[in-house]
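Have a look below at one chain only, the form predicted on its own, in structure tokens format.
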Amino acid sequence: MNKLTKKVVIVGGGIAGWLTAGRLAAKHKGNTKQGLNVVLIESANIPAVGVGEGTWPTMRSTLRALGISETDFIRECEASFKQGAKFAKWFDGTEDDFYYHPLVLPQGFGKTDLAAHWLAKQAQTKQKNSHVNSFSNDVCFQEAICEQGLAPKTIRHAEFADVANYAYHLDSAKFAVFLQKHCQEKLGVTHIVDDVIGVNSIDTEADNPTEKGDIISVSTEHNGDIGGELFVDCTGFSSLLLGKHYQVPFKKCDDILFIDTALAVQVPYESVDSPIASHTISTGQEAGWIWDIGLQHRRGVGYVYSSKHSTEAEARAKLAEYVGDKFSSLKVRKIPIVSGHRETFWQNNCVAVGLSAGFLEPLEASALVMVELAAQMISEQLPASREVMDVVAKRFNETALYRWDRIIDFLKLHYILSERTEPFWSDNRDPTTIPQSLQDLMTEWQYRAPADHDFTSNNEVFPAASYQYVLYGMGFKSDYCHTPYAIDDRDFADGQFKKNKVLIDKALSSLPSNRELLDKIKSYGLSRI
């Protein structure tokens, strides 16, 4: 009575649904008779949330796994290149307060603790009253590229190749449509537009006890019952299958991350040749922060804030001040944010991906990367039969929970080192709001830099280098007085600092602007791999 996994039913579309469908169909030959039957059901009556415009470099491998041309993706999704994030006014709120979290590792990362050498060099420079460079600018060439609005490569580079590591900014609505078309035409995914009105499960004792409670089909308004062996819940915040049917509790983390509301607008450029920022810009405000994402045809701008620390009227005024004169003519979308995740992500033969699994504030573009990682894991470890599904589900749940916890830690890290005095920021520094796991790491990092051995899993979303960029960007000082041997390899470290300067000069003299490269890709395309 062991059921083989021959058909996967995905309930819900959007990026989460179509990325999961694409990953499954591409891996398991959904466009062949012998391949996996992938069916996606989505309602025509439920609008997409439509923010999530920032990605991680993982999106490049995702696109390649789906067989998508980078040229086609850039042209049809109004995509632009993203090389990291610039955090302005997060430390003390002054005009010259900013730091970068780039996507390129520090020079010599893994070969030397360059942070130790940088801190020592910084102390010497301050004694001489000389200008002190930022951590990211001294150890990585990407900050300089971003400050000049340059692209991560040239038109001569092939698709997905680079000079500097990059991700994308994209129009999420257009990306969902693009994925849908590709999945249907190239990968053999069956698309059903209908409303799911019921979930049917084995509520009595099954022939195989492990199947008790399994979903056998979903009932649709016009297409009847649609059955399968595995069901993927991509129904967004409603979580129709995992949340409503299985009653899996939602674990809030609003005691750690205070953001609970977003006000979003789409801002047109001044002209068709306006510069396009090659990074996400996050600007600290009294009760949260404003994101600014440059696409080819517009900017996506939004204020995410804590309603306990600001009224909506105050938030709108701050957003209007940031956007400028155009604001009065723009449509403002208000989006509630409930930070947290399901306690379990895979229950019986149902797994949640995307907003149905959880959501956190959009800092560091964690939403789409969690969709990618979940879809990849489901496709690579797809249970061959019901017999092994619980084994895979257990591993999936452990991995997903670990990733959510680490992301929460990393996002909280951005707030706890700020010296801003507004209640929102001071409340974020309250030790009772900081996870113990992060407090333990901060205790260690008083005496050394974050390192890979601090994170024992191979399922990390953010590497140790990311923690270094945030820590030292926010002015944190690790005290190496008890470990002077950490800077014994001074000659090697000096060589890495010099190499970084050479890379900066080379990049600034050879790379085009973000706008220039995107225009060339639209006209000529990139060469295929």
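This is a predicted model, so every value here is computed, not measured. For every residue, the number given is its place in the sequence shown, counted from 1.
Below, we refer to the form predicted in complex with a small molecule, which is not included among the displayed structures.
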Next item on the list: Among 349 to 357, 424 to 432, 245 to 253, 85 to 93, mark the stretch whose residues have heavy atoms within 4.5 Å of the small molecule in the predicted complex.
Entry: 349 to 357
Check: Pick from L319, L368, I74, L119: which residue has any heavy atom within 4.5 angstroms of the small molecule in the predicted complex?
Finding: L368
Item checked: Heavy atom within 4.5 Å of the small molecule in the predicted complex - residue from E314, E78, D195, D405 -> D195
Next item on the list: Classify S238 as contacting or not contacting the small molecule in the predicted complex by the rule of any non-hydrogen atom within 4.5 angstroms, answering yes or no.
Entry: yes
Margin query: Given that the small molecule is not shown alongside this chain, does W291 nevertheless sit within 4.5 Å of it in the predicted complex, heavy atom to heavy atom?
Written below: yes
Notebook entry, point to check: Does at least one non-hydrogen atom of A26 fall within 4.5 angstroms of the small molecule in the predicted complex?
Noted result: no
Item checked: the small molecule contact in the predicted complex: C234, any heavy atom under 4.5 Å -> yes
